[in-house]
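Next up is one chain by itself, shown in C-alpha cells, the form predicted alone.
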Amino acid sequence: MLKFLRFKHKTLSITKEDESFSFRKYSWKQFKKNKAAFWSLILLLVWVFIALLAPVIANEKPLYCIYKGNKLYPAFSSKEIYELTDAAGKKSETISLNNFDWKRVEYEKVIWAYCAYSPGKSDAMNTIVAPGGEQVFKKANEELIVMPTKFKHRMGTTKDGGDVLAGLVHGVKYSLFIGILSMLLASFVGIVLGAMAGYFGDSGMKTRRGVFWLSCLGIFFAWYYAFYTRSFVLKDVMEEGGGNMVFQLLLSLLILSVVFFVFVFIGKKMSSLSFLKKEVNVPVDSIVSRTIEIINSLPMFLVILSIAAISRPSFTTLVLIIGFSSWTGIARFTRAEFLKVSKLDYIQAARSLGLTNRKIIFRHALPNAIGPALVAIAFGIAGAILTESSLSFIGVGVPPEIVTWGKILSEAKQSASSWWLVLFPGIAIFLTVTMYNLIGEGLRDALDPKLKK
C-alpha cells in the first residue's frame, strides 16, 4: 500500500510538472542560450536607450547653465525666446534660443552634453576634419585657439562642418523609427491576409452567388472612385508629403470601403432571387497567393526608388512605401502556418462549439502560428533599415534637413579621402542589420517546438 501511494504521489507530481510547463518560458530560455541573439537583443536595448536620450547625448545647447544670474535649461526648453532679468528683476537681455551662439559666452556654471553639437548644424571653422585632426575654435573676442576638449568633434566632420557623432546618435532614432513602424504596417497587412488565406483556403469561405458577383464588380468601381478619379489629388499630396498625404490616403480608403460595401449590400438584396441564392466558394487563398506572386515578381527596390523619387521626401511617405512593399514574406509564413494549424483537433473542436471564425483565427489559431511571422518581422526590420540607408545614400527618401546614417555615408562620395565618413556610419548600419538578423535567427530556433527536448 505504501509503495502504491509513493508511486501515485510520484505520478501526480509528474503530471503537475507537465501541466505547469510554459512554452513561453522554455522559448525564453532557449533564446538566452543563443549568445549571439541574446547580446544582439542587449544591443537593441542600448540602441533604444541612445534613441531616447539622443537630445541629452548630442546637443549644441547646454543642458543646464547659469548665465547672468539666470538659471536656464536650453536643451530641454520649448521656448523660442528667453527674457533674461537682472538682479533687480528688470529685463536685461533677449535671447533667441535657436540663433544664440551658446559656445562663445561666459557662464557662471554650465553642463554640456557629451557631444556639444546637434545634427545638421554647421561648424564652418572645421570642415572635413578627421578624428584627432587639428580643430580650431573662435572665442567671443574673435581669437582663434585650439578647440577645447569639451567642444571637439570626436568622430570628425562632414564637408559642411556637421558633426559625425551627433549624426550617428540622432540617426539611431530615425533608423528604429522607420524600421519598426514600416514593419508594423507590413505585419498588420501580411498577418491578416496570410491568416485568411491559410484558414479559409479556396473552399472555407462561402457566400451567395449574388454577393460574390457584386463584390467582384464592387472592387473595380471602388478602386475607380477611390483612386483613379482622385489620382491628381493623390499625386499632389504625394509630392507634398506629411499629414495631408495620410489624410487623403485615409479618405481614399474610406471611399473604397463605402463603395465596396454598397455593392455588397446590393448583392445581399439581389440574392433573394433563386439563381443568385446558390452558395459558392470564395477563393481567398488563390487571390492572396496570386497577389503575393505579382508583387514578388516586381523589382521592388526600383519600385520603392521610383515612388520615393517622385514624392516629396518625408518619413511618412518612406514608412508607407516600405511597409506596403514588405508584407508578402510575412503573409507567406502566416499562410503556411495556418494551413497546418487549421487542420488540428483543437481548431476542429472550436468550430464544433460554434465559435465564430474571427474568434478562432485571432484567439486560438494566431497565437500558435505567429512564431515564423515574428522571425520574418525581425529580418524585415533589418531590410527596412538597409532600404532607408540606401535611399538616403542616393539622396531620396528622407527630408534634406534630417541627418541619417545613409546621408552621412553619401558625404564620402565628394571626398574619397574622408575615411571616417564611411567607417563610422558603415559600422552602425552593419551592427544594426546584423543585430536584427541574429535576433531573427534566435527567435526561429526558440519558437520552433520541434527543437524542444
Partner chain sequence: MFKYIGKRILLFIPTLFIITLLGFVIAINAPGDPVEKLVSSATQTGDLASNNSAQKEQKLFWRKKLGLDLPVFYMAVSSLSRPDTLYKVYEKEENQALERLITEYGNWSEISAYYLSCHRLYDSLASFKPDTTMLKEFAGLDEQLNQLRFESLALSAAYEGEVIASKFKKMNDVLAKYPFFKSIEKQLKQTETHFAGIKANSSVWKNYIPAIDFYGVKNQYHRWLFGDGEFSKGIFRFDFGISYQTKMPISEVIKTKIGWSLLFTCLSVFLAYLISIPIGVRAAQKRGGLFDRASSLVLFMLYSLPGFFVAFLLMLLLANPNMFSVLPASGVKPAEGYPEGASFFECVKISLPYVILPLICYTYSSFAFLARIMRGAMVDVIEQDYIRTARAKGLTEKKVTWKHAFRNSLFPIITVFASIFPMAIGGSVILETIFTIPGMGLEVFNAITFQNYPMIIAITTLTGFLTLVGILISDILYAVVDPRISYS
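By rigid core we mean the largest C-alpha set that fits within 1.5 Å across both forms. Quantities reported herein were computed from a predicted structural model and do not represent experimental measurements. Residue numbers count along the first chain shown, from 1.
Unshown form predicted in complex with the partner chain; subsequent notes refer to it.
Comparing 41-49, 408-416, 26-34, 54-62 against the partner chain in the predicted complex, the single stretch with non-hydrogen atoms within 4.5 angstroms of it is 408-416. For the chain shown alone, residue 422 is a contact residue for the partner chain in the predicted complex, at least one non-hydrogen atom being within 4.5 angstroms.
At the 4.5 Å threshold, heavy atoms of residue 236 reach the partner chain in the predicted complex. At the 4.5 Å threshold, heavy atoms of residue 347 stay clear of the partner chain in the predicted complex, well away from it. With a 4.5 Å cutoff on heavy atoms, residue 402 does not count as touching the partner chain in the predicted complex; it lies far away. Against the partner chain in the predicted complex, the set 303, 386 and 434 is in full contact: each member has a heavy atom within 4.5 Å.
Listed residues 309, 184, 262, 84 were compared with the partner chain in the predicted complex; 309 is the one with a heavy atom within 4.5 Å. For the options 272, 229, 127, 244, the one in contact with the partner chain in the predicted complex, meaning a heavy atom within 4.5 Å, is 229. Residues of 373-397 lying near the partner chain in the predicted complex, listed in sequence order, are 386, 389, 390, 393, 394, 396, the criterion being any heavy atom within 4.5 Å. After superposition on the rigid core, the Cα atom of residue 229 is displaced by 2 Å or more between the shown form and the other one. In this overlay on the rigid core, residue 259 has a C-alpha that sits 2 Å or more away from its partner position between the shown form and the other one.
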